[in-house]
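Only one chain is given next, in structure tokens, and it is the form predicted alone.
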Amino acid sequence: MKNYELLLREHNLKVTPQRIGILSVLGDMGHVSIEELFTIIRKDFYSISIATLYKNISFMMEVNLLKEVKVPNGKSKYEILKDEHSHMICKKCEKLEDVKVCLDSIVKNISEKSGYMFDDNSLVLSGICPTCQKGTV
């Protein structure tokens, strides 16, 4: 179990039970939508509102503790920020997974050709996971 209290302090955020709960769910599940998070966290914090979740997620994104993963044709998911990586999503079971891909040369090439200066990039590859290909989901 990670020390979420320390992680909040390192990002200069007030330590609250709700924030520790949010980080704990994200740490356990990896990628979670607001709706999924709300359903799970209400079991421990029955009076928490969806607005409170959005506010806390926003604060944690502002200090680079959390990152939003924009899922094509789906709801955004959130994760604890870690090493640079991209994502794969299954079109059938909607499982979202991390994948290590270095985008540096691609981004550099596009920047040189377009003149854009990029400060962020993300890649979400969609397809059918091995489990769904076997028809076991």
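Heads up: residue numbers just count along the shown sequence, starting at 1. As the structure is a computational prediction, the values presented were derived from the model and not from experiment.
From this point on, the text means the form predicted together with a further copy of the same chain, which you will not see here.
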Inset, instruction - Given a further copy of the same chain in the predicted bound form, answer whether the residues N73, E97 and V124 all have a heavy atom inside 4.5 Å of it. - result: yes
Inset, instruction - Report yes if any heavy atom of I80 sits within 4.5 Å of a heavy atom of a further copy of the same chain in the predicted bound form; otherwise report no. - result: no
Inset, instruction - Considering only heavy atoms, tell me if N12 and a further copy of the same chain come within 4.5 Å of each other in the predicted bound form. - result: no
Legend entry - Distance check, C129 to a further copy of the same chain in the predicted bound form, heavy atom within 4.5 Å: yes
Legend entry - Residue contact check: K91 to a further copy of the same chain in the predicted bound form, 4.5 Å heavy atom: yes
Inset, instruction - Consider the chain as shown here, without its partner, and state which of M29, V63, V101, I34 has a heavy atom within 4.5 Å of a further copy of the same chain in the predicted bound form. - result: V101
Legend entry - in the predicted bound form, residues of 101-122 near a further copy of the same chain [heavy atom within 4.5 Å]: V101, C102, L103, I106, V107, I110, K113, S114, G115, Y116, M117, F118, D119, D120, N121, S122
